[in-house]
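One chain comes next, on its own, written out as structure tokens in the form predicted alone.
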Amino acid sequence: MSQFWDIYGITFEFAFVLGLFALSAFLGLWSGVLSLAPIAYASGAAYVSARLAYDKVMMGEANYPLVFHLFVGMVVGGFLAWITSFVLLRLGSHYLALATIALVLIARVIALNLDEYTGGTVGIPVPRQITTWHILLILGVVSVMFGVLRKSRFGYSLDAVREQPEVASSLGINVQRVRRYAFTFAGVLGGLAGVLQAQLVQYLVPETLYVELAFISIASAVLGGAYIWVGPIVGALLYTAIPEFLEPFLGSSKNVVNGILLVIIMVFLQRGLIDPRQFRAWSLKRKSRQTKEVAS
């Protein structure tokens, strides 16, 4: 087991952090919008955290504690999401998706041009403070929060807004407010994940948090299941682990498997691998079968 972790430990660490990115994308889908914006907020949060750590180290002082960096990441990500939500959420679904892609591109341009703070194309080193247990603890806490949220009044409001926004509005639910809260929460998660990602790679450049990661986050949510919070975590684990395990057999073609798997799931399991509705249907069939057996 120790040897296995020595080989694949870093892969699982990236998978767990990808799970947080996927959950931030899931929040957008849960509110009925397709948004890649959390990656842009993650970039801003990661650079702020990295710059604070870099300045401390350069002055010969001890770095800020990990909790401080995580808090800074969440505040920066949440603030950026809240500010931009007033503009982005006015757009229609397709235009909003395109605007969030543009936002990720803009974040990269800003990082390149503010080289006095970001290091530009050279980048900026990030001292690692996290351990695998830190990442697991954070993912566990976030998972508990999603579990509670799913059964809360706000969770039911998100369900209604995603399925039928017009009906939800007629029932007295403020659709824009619900989506803004979800958008801001996604920014908080994105900022948190951005700080963790930067500490994993230990060197932050504009390409660290870019469009590719945004698409992978969305793909992980769709792959695992975009109708329950467990789905994005499962999708992130599969999306990261499968290519690594297949590398000895497929070499550089390993990432093709993810694309094939995603297409298969979209064709045959359109709600993803983890589908609460399908689980309920199987449960009802099993109970019906048991009832018939007892009656006979």
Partner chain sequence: MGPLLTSQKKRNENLLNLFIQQVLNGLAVGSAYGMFAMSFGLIFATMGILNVAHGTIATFGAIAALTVVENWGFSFFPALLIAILTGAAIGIVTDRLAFQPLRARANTLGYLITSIGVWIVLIALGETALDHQIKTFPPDLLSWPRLVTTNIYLAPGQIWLMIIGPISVVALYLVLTRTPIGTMIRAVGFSDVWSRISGVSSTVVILSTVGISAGLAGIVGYLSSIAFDNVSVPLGEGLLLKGFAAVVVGGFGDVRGAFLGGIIIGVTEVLGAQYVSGDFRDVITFGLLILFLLFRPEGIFGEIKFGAAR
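Numbering follows the first chain given and starts at 1. What you see is a predicted model, and the numbers here were worked out from it, not measured in a lab.
Below, we refer to the form predicted in complex with its partner chain, which is not included among the displayed structures.
- Note on the interface: of 132-140, 71-79, 192-200, 87-95, the segment with non-hydrogen atoms within 4.5 angstroms of its partner chain in the predicted complex is 87-95.
- When contacts are judged by a 4.5 Å heavy atom cut-off, residue 271 counts as touching its partner chain in the predicted complex.
- When contacts are judged by a 4.5 Å heavy atom cut-off, residue 122 does not count as touching its partner chain in the predicted complex.
- In the predicted complex, its partner chain sits beyond 4.5 Å of every heavy atom of residue 246.
- For the chain shown alone, residue 126 is not a contact residue for its partner chain in the predicted complex, no non-hydrogen atom being within 4.5 angstroms.
- Proximity to its partner chain in the predicted complex holds for none of 57, 62 and 65, with the criterion being a heavy atom within 4.5 Å.
- Only one of 237, 48, 230, 29 comes within 4.5 Å of its partner chain in the predicted complex through a heavy atom, and that residue is 29.
- Residues are counted as partner-facing when one of their heavy atoms sits within 4.5 Å of its partner chain in the predicted complex; in 33-50 only 34 qualifies.
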